[in-house]
Ligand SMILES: Cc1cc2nc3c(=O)[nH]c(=O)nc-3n(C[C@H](O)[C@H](O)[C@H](O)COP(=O)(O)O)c2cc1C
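Shown here is one chain on its own, the form predicted alone, set out as structure tokens.
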Amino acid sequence: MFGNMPELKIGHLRAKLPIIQGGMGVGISLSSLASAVANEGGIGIIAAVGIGMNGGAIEGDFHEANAEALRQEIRTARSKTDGLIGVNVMIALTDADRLIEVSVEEDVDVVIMGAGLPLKLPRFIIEKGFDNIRTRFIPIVSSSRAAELIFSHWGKKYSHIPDAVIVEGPLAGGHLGFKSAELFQAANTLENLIADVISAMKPFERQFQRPIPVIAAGGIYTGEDIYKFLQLGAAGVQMATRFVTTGECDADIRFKEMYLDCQESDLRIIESPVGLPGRAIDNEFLQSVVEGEKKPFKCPWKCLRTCNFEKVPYCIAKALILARRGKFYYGFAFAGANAWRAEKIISVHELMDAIKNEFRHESRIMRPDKTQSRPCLAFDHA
């Protein structure tokens, strides 16, 4: 029907809405949020990073603790929904392979791989064989060059390619796949990046004789935004920030209130201890870091391959998990560029209804002739 959002098709998967809820760590998007999104027809995502730190203690042996915590979150989400559930795994994690293995063992619908290029796949995937794995694999990239590198490498080494690709622009929250100087360059707007990646995927679609959905992410906040990027050829979108201020979001109420209270001027780019820029809500903790204050800590285990814990001013994992609990004196909140627009806490159902209404309204404004064809999607060009 005119004005309704189309399905998102990824291999054999069919999401009723072209919306993937972005994975938010540490502990912001777990089974509660993911299952609520899945029940509304989107793809709900559990963030695997630091998932074993969500208990009372944040020190100890986390390798198997993370694996077991992820397994339990997946099962809890499955008990609450028949919809599509996925896991976001940061490739930069030292236990990334183990987290992907658990996700595949639990038959999640998608594994989204960000914070690094997933070129070397875990051995168990190769031994099991893609034909015997139900899970679909989706890398996150910030350039067509990165997308081409991943797809070309997989094609040559594994005779297989990822099932879709997420293109994340510079307006996203958390760690960003750009150098600080690149964040505001015109070439790196999400609109330009989407066009570049769609073009880069066409040779792979022809070679492997199947569509490759290209999904837009970073700064997507409204149904109007979704409509715009579908018109530009995206098959769907990934949204994270707007889901934080929902009742089902797994964060403490004080974390959500941080979003409600922030102004546009409070959002700033920080230099993360892991060597990447990131977008966060400014607070006293971050200001003290800028002023040169070092937060002493012991590293219970090296969770990130790129972290030199002896030289960084604070432990980002500890800062994020404490912020998730509402303890902002010891941490801070990552947030997308539109976080300041949040006004109140609502349910995921109410949010999805609002997004669908925004989409319908925009489609009627932009395409009043109801006889015109539907938006052109990336998977139409195989």
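Worth saying up front: this structure is predicted, and the values here are computed from it rather than measured. The first residue of the shown sequence is 1; numbering continues from there.
Only in words, not in the display: the form predicted in complex with the ligand, which the text now covers.
A single residue from the set M201, V108, A240, M258 has any heavy atom within 4.5 angstroms of the ligand in the model of the complex; that residue is A240.
Between the ligand and the residues M90, L193, A147, I215, the one pair within 4.5 Å by heavy atoms in the model of the complex involves M90. Residue contact with the ligand in the model of the complex: P162 places no heavy atom within 4.5 Å of it. With a 4.5 Å cutoff on heavy atoms, E73 does not count as touching the ligand in the model of the complex; it lies far away.
In the model of the complex, none of the heavy atoms of G42 sits within 4.5 Å of a heavy atom of the ligand. Remark: G331 does not count among the residues lining the ligand in the model of the complex, judged by a heavy atom distance of 4.5 Å or less. For a residue to qualify, one of its non-hydrogen atoms must sit within 4.5 Å of the ligand in the model of the complex; all three of G23, G114 and I220 qualify.
Contact with the ligand, judged by heavy atoms within 4.5 Å in the model of the complex, is confined among 23-31, 63-71, 322-330, 340-348 to 23-31. Although the ligand is not shown here, in the model of the complex the stretch 152-171 places heavy atoms of E168, L171 within 4.5 Å of it, in sequence order.
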